[in-house]
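Shown here is one chain on its own, the form predicted on its own, set out as structure tokens.
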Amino acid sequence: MKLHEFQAKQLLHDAGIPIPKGGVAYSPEEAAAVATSLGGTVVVKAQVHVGGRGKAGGIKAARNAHEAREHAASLLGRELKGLRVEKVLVEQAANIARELYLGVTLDRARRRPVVMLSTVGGIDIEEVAVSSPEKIARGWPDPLLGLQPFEARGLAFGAGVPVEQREAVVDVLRRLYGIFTAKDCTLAEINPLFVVADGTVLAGDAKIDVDDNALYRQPVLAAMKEVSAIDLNEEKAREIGFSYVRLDGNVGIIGNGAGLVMATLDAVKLAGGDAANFLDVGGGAKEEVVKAALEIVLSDDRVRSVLINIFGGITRGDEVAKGILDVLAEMKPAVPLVVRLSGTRATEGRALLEGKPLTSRATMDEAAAEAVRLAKAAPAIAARRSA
């Protein structure tokens, strides 16, 4: 679960981390009112669950309330990187001397949190991690002990934080780690942390992601949850009981078992294509589950072909085939389907699909190659359009 910037900053404020004065506005008039109360130059920031808002035109400086109203009017109701802007955060502008990066996330390889600090803030930290990894100081605190003062100071020394801000940065870093653990986060990030002209620090932006599996013990955060248009399919899949993750390609993927789906993604990549999603219907998937999975994949208008790769163990091939037939009858998909059935009752399943408007292949690699070929040949059409 992702928090908006204004929600994340409220958590920072509650933890004692300095943030700019500001308020949320849902209309141009509200934005002007907030700007008037703050006085001076303000920043109007679109509140959507996506990064890179500045580069996409979602952050604008305003010298007065009139400009704040105009900027809010230009942002509210528009789409920013595929997401509709419903609200903006209006904040007091800071006199910035330099920018730092602070972050805490999970290091799955080491099975513990990793704390990161860099004097290169305000830009894509992922690019810095690849091109200049030495500019990011990292530490792995003991999960039972937490981030100790000497560890935080060591990170500040390692990152080259100026001595004048060292103690303030150490304090913010430890408080950020406290939020990460107390709120069951998978990510807690301040990018940038402003060093303002008077030498103090201020959280310029904040990003916090919370583990969905822990929301039952975070009722306050659970009440903040918003499902964006992009996340809607993931939410639907979670309610049904299978795993769906949206990716960047145009070949829809359905499989049973995480390992098989991962292998299918690799096969599509090797065939020269890119997967639009990861979707695992799990073991023993019944007809209605397969139908629901297909509906979710076909609702993504980027999808130009769908690859269904099922290896039957406890999953029966004839049940999968019935789910596919239901979708063909009800939706009449405008994109081609490629099916590979193997294992339990696969012969019966393939017999049910004979003569239907789809392509069947015997092996995963053959099916992946055909799905990629069809995706490249298909026009850019809405995948869920009915004939």
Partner chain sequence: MSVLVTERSRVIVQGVGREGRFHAAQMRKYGTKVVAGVKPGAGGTSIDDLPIYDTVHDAVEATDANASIIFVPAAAAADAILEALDQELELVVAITEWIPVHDMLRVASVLARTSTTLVGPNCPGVISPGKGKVGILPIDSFSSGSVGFVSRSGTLTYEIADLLSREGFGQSTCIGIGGDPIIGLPMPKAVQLLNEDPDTRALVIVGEIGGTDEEDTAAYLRAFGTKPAVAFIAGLSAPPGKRMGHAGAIVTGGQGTAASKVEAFRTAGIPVATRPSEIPQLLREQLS
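Only a predicted model underlies this, so the values are computations on that prediction, with no experimental measurement involved. Positions refer to the first chain, counted from 1. Take the two forms, find the largest set of C-alpha atoms that superpose within 1.5 Å, and that set is the rigid core.
Quick note: we don't show the form predicted together with its partner chain, though the next part is all about it.
A heavy atom within 4.5 Å of its partner chain in the model of the complex is found for one listed residue only; from Lys269, Arg98, Lys135, Lys81, this is Lys269. In summary, among the residues Gly160, Gly77, Gly259, Gly199, the only one with a non-hydrogen atom within 4.5 Å of its partner chain in the model of the complex is Gly259. When contacts are defined as a non-hydrogen atom within 4.5 Å, all of Gly154, Cys185 and Ala214 contact its partner chain in the model of the complex. Per the 4.5 Å heavy atom criterion, its partner chain in the model of the complex is contacted by stretch 112-120, the sole one of 112-120, 67-75, 86-94, 200-208. For Ala168, no non-hydrogen atom is located within 4.5 Å of its partner chain in the model of the complex, even though that partner is not displayed.
The closest heavy atom approach of Asn233 to its partner chain in the model of the complex falls outside 4.5 Å. Its partner chain is not shown here, and in the model of the complex it never comes within 4.5 Å of any heavy atom of Glu370. Taking non-hydrogen atoms only, Arg340 approaches its partner chain to within 4.5 angstroms in the model of the complex. Looking at 138-164, the residues that come within 4.5 Å of its partner chain in the model of the complex, counting any heavy atom, are Asp142, Pro143, Leu144, Leu145, Gln148, Pro149, Phe150, Arg153, Gly154, Phe157. In a rigid-core overlay of the protein, Gly272 has its C-alpha displaced by at least 2 Å between the shown form and the other one.
Residue displacement note: Asn309 has its CA displaced by at least 2 Å between the shown form and the other one (rigid core superposed). Leu12: CA moves less than 2 Å between the shown form and the other one after rigid-core fitting.
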